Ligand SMILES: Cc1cc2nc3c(=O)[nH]c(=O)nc-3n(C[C@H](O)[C@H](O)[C@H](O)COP(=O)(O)O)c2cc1C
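Next comes just one chain, in structure tokens: the form predicted alone.
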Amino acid sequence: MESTLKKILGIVGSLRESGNSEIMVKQISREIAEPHALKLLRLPEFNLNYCNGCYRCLMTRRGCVIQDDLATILNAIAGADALILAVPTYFLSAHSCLKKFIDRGISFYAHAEGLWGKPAVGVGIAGIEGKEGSTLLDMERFFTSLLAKNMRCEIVYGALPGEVLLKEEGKAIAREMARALFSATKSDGHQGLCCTCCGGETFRFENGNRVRCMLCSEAGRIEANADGQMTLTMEAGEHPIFASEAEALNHREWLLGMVGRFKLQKDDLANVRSEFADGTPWIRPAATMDPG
């Protein structure tokens, strides 16, 4: 029956029709054993404006007040049982449509209960092996910002449309992604060190042996044991955001508390801002001409 089908949303982060991103989403879908219905969403087709930092999405609890396509995208995500993301690498990072979308992430908290824990897998496509840059991290950040459950993210190499499936590696990764999507635990095909707070694999090295996770921003230490193997010890900070649904909702309440803090410091803040309301010249975009 129709009601027994899993509803999967494929998010394509490329404008190229029948390109590698679209192909990988469909190939993963073909490998999924569970009965399901796939719908596709081409993210860069949608009109998404920049967040203006007004916080009205939190104060009204109705989502973002900007009139664009964000609500359509969020409703599609909230209505799905699982997500498949595929995105190309542009200049050592994922296509900018991912960042433009998650920059509106504060408004996601209005939909937190419908978004939390949705299983998701992601494939990043790079044309040259090793030149994917931050694409893996970008996909992980996309899922984390969406409050989804990242089951697995991988990089596949292929520059020409369809090239991702010319080699067995691409087909194998699609099969692995299909198995991972509805598995009981996260499938990890990587052998490197992972953050024990969020599972992230990208770190910034700080003073001494200190490291900071680039996904959840928690800090820790990296050390070598007697056998020369590296060990990682992470320390959850006082304000975790995405480790659990309760912490995500607590962060929503903290953001709402900014309204009260603004009211308390309104005059002092206004004094600081007034000092910089000078006549420094701006370069502005050209005025839009009326074709009529």
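All residue numbers are counted from 1 along the displayed sequence. No experiment lies behind these values; they were computed from the predicted model shown.
One more form of this protein should be noted, the form predicted in complex with this ligand, which is absent from this view; the next part is about it.
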Query raised in the report: in the model of the complex, do 7, 144 and 150 all put a heavy atom within 4.5 Å of this ligand?
Result: no
**Report entry** Contact residue in the model of the complex, chosen from 112, 159, 166, 172 - any heavy atom within 4.5 Å of this ligand
**Finding:** 159
Query raised in the report: Which pick from 119, 220, 200, 88 sits with a heavy atom within 4.5 Å of this ligand in the model of the complex?
Result: 88
Query raised in the report: Just one stretch in 127-135, 71-79, 100-108, 203-211 has heavy atoms within 4.5 Å of this ligand in the model of the complex, so which one is it?
Result: 127-135
Requested in this report: Would you please decide whether residue 16 lies within 4.5 angstroms of this ligand in the model of the complex, comparing each non-hydrogen atom pair?
Outcome: yes
Report task. Would you mind checking 18-34 for residues with a heavy atom within 4.5 Å of this ligand in the model of the complex? Result -> 19, 20, 21
